[in-house]
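For reference, the chain that follows is the form predicted alone, supplied as structure tokens.
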Amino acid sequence: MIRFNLNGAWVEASDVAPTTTLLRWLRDTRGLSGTKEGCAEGDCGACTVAVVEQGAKGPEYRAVNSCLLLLPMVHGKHVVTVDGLKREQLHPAQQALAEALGSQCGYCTPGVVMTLFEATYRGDLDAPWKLDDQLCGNLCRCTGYRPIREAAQQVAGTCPADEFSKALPASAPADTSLQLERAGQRFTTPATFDALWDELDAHPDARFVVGGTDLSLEITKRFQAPPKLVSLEALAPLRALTEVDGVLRLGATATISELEAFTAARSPAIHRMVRYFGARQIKHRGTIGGNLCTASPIGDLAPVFLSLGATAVLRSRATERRVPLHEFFVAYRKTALGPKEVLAAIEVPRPSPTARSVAYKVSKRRELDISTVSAGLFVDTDASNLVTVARFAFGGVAATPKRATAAERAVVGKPWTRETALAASKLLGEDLTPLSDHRGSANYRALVARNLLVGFFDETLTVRQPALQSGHAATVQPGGLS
């Protein structure tokens, strides 16, 4: 039985299919129609609700897309919807939106309110780009975005001493382990690794799920019903983010928003890539392991991890083994994971002080878009400015995320100059085989990849570890070739 706290009261759901989304259950079973369905794929934000999760400093509200959240995923947790804000007075987020005239047709307004609800209790919205990031997952084409942003500026970080803030200390997620079967479907959330291995022994064909930002699209868009799902969300060791002896160990089930906070002062390249990974709602659910294990050629994390010389840590009942990340992607949508094996973590060594490292994402939109081409680029040099290590990794230009080894070999031992970068860029065709689709032609992708390599030299000529920039930094296409 699924049991969770909804708007301050514990509720139970027993006769429900495991692939029922929280959105559909709220509307169809509970009659809570304030939460809207728009795109059913996590783009519009009309379905946004707040879920209490355990953050680095304790329980905190996180805005998520209820259209992608399977009901078993909220077992043991606390959920707040726009209907739960009905009190004698408007919530500050509602009041600010009304005063700023940020709502007209009202369809998207509930989702905007819940995004502002999270912002109200965030204490880290201390830069303009963070406010952009907070809002980019909500589409509103009636008022435009200026009044919505004004409302966000008014409430962000105010943390009022109201019933919602007072409830947080007692709202830490409880035991989320679960076993649910109905209508030929099975959903389990093991609380220990032994329980996980036992589940896989009994059901070796089960699929893993954590955030659901990719798998849930099979349910909402393709109307499929995966028969056996195993959630890894309750296994705390898989979510840990640590640094030991200069190596970042990034737990596979850590969310992208957790990775973003963790790498802010530790890895500018990773931090910049995840800035443009997706909306706040997506980053709260999407995970490191989920992004890598789909083995998508346009996954955002793979290129930057490849460029940093990352290693995949794979765990089974019998052993734990390490695989260089460039050997992890074996074919289109296929990885080196064996049967009954999980990706436990990614290990990333800290670059030396002489290293230059940058990540790029080129897409049609700056916010909330899929990459056309992405890149993680890394060089290290000696005292004479000769390249000692080069790793150039790209996404969107081959069947898998891939390193351009011919270009890498061309620069090692050479002085790191624009001429060296330009010569290496001309060799990218030996490694990359882009295809044409609606996001860009093969010729366009090849040209962008070459430009990024030359632009990498230009950007790091004077700044070896570029800091995150608001606005265009990760999406601009550097010049250099025509």
Partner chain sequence: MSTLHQPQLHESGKLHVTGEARYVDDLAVPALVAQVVPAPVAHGRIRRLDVTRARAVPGVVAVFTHRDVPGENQVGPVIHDEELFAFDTVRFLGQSVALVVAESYAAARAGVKAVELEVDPLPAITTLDEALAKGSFLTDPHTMQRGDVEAAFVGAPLVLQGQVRTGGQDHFYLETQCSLALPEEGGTVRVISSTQHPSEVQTILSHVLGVGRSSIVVEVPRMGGGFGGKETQAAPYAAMAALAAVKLRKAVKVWLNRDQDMMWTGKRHPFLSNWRAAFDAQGRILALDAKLYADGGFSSDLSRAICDRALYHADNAYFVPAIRVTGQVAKTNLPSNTAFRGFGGPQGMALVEEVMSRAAERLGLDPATVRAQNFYGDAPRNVTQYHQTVTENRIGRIWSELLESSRYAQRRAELEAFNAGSAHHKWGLAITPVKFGISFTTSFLNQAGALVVVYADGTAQVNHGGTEMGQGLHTKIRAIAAHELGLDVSDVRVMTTATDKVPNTSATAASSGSDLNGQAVKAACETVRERLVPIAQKLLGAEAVSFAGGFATGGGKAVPMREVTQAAYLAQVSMSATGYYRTPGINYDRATAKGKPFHYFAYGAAVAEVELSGLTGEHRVRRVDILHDAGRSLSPSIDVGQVEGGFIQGVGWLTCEEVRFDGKGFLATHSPDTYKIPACGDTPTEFHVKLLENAAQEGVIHGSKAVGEPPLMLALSVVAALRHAVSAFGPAKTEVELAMPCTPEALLFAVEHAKSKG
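Just so it is clear, the model here is predicted, and its values are computed rather than measured. Numbering follows the first chain given and starts at 1.
Separately, the form predicted in complex with its partner chain exists; it is not shown, and the next lines address it.
Enquirer: May I ask you to check whether A170 falls inside a 4.5 Å heavy atom distance of its partner chain in the predicted complex?
Expert: Taking the distances in the predicted complex, the answer for A170 is no, it never comes within 4.5 Å of its partner chain.
Enquirer: Looking at the partner-bound form in the predicted complex, is K426 within 4.5 Å of its partner chain by any heavy atom?
Expert: No - in the predicted complex, heavy atoms of K426 and its partner chain never come within 4.5 Å of each other.
Enquirer: Evaluate R62 for contact with its partner chain in the predicted complex, applying a 4.5 angstroms cut-off between non-hydrogen atoms, and reply yes or no.
Expert: Residue-level check for R62: no, no contact with its partner chain.
Enquirer: Even though its partner chain is not shown here, does T400 get within 4.5 Å of it in the predicted complex, heavy atoms only?
Expert: Taking the distances in the predicted complex, the answer for T400 is no, it never comes within 4.5 Å of its partner chain.
Enquirer: Taking 4.5 Å between heavy atoms as the contact cutoff, choose which of L26, V51, L452, L70 touches its partner chain in the predicted complex.
Expert: If I apply the 4.5 Å criterion carefully, the residue I get is L452.
Enquirer: Identify which of R207, R321, R141, R350 has a heavy atom within 4.5 Å of its partner chain in the predicted complex; exactly one of them does.
Expert: Only one listed residue qualifies here, and that residue is R141.
Enquirer: Looking at 108-116, 242-250, 392-400, 162-170, which stretch has residues with any non-hydrogen atom within 4.5 Å of its partner chain in the predicted complex?
Expert: Partner-contacting stretch among the options: 108-116.
Enquirer: Indicate whether the candidate residues T189, H203 and E260 are all in contact with its partner chain in the predicted complex, with contact defined as any heavy atom within 4.5 Å.
Expert: Looking in the predicted complex, the three residues T189, H203 and E260 all stay beyond 4.5 Å of its partner chain (heavy atoms).
Enquirer: Mind listing which residues of 418-445 have a heavy atom within 4.5 Å of its partner chain in the predicted complex?
Expert: If the 4.5 Å heavy-atom criterion is applied to its partner chain in the predicted complex, 418-445 yields R418, D437, H438, R439, G440, S441, N443, Y444.
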